[in-house]
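Alright, here's a single protein chain in two forms, structure 1 and structure 2, each given by itself as structure tokens.
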Structure 1
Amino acid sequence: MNEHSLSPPPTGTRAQLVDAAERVLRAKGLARATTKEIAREAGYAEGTLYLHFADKLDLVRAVHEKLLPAFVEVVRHLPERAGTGSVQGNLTELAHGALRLYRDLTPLGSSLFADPELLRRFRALLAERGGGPHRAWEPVVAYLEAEQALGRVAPEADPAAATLLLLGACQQLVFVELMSGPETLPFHDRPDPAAELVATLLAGLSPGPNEMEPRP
């Protein structure tokens, strides 16, 4: 997941094909979706699809890139927000974005794991473009390290571990929600799981009662 690896937003015919691919993938899954059906859903002949995309995997990549920008924007600008607002507010916004992204991507990406060859090719595409989900960690770690230097995160806290705890909790919450149903979640009776996750994490990150005030 690298903002520099994202292609410009598709327009015109290409955008219509990406939108159609997302609809078909959500309805049928990767294994049952065909380029012919995706083209028909978009209102084009299959040959038109191959003028814009190399194959179905290229379309899957384009759908992923369509869903990423909102989260990438939050993550990319997080380090520069150190010392502004509150740590809790900044991380809660991050958690909201992560939950939205995982709800969008998890159903689409899960089919990749059922096909080892397709997964290998998809990983190669990500590596070629300098992307991948692990790229989301780096700006969050940098943000927490900056807040640590400002005294707004406890000096003994591990920014990398905290990043994985927060993003991992968001991903696990979405996985259980999709697999077992939202009624099985421990948060189903609470209005905002993102805020709950961050508040609990910060109980271990807080430097104590003398937290620095945010910059004006």
Structure 2
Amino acid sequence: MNEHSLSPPPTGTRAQLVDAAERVLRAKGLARATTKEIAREAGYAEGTLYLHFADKLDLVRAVHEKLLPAFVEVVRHLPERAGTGSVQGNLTELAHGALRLYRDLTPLGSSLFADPELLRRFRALLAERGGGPHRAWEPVVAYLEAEQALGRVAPEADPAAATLLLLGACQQLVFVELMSGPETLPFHDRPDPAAELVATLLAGLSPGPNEMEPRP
């Protein structure tokens, strides 16, 4: 499974079915997405589905498989940006991308928990690919380590912990937004939640020695 042949031959049928399944899953939810509707959405007969997938869960798994790369895409070029722009700017941009990503993927991804068998298959897919959501962390960690080497991030900072803090905050913001409604968020009236998260992460909570002194 190298990078040249990730997608099956140009026989579009399989891909059309996966795309249709994704649309239906987004619209109706896992519990209410039927093979009949997916097939109709794709413009094929219901039986055709079983020429390309072992069963319905296999098709759903294929949808998630298709979405996997999007996860890494957001952070892909981050390490290269070490030393360019400002750390704050780079992380804010990352946070923006993460928010977009989580808004897009949370409904589909969280649905996996509704069906243990589906979750099992998804885990098997991740294992075989050596993938997983944590793969998104690595480039961020690498970026922060590079910035540390450049002196733009404190040498004592823990890049892995910092990554989890930032991405986790983005994910939770979206999770709560989707679950309770956007109007319930403390941040819903702030122009740029991502920027505030980054600012706080950079500054830390501890009162700095300098700051104990009164400012002019």
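Residues are numbered by position in structure 1's sequence, first residue being 1. Predicted model only: the values in this text are computed from it and were never measured. In this text, the rigid core denotes the largest set of C-alpha atoms whose superposition between the two forms falls within 1.5 Å.
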Report the structure number, 1 or 2, for the form predicted on its own. 1
Relative to the superposed rigid core, does the CA atom of residue 71 travel 2 Å or more between structure 1 and structure 2? yes
Is residue 89 among the residues whose Cα moves by 2 Å or more between structure 1 and structure 2 after superposition of the rigid core? no
So that I can tell if residue 47 moves, could you say whether its C-alpha shifts by at least 2 Å between structure 1 and structure 2 after the core superposition? yes
Where the rigid core has been superposed, how far does the Cα of residue 59 end up moving between structure 1 and structure 2, given in Å? 4.1
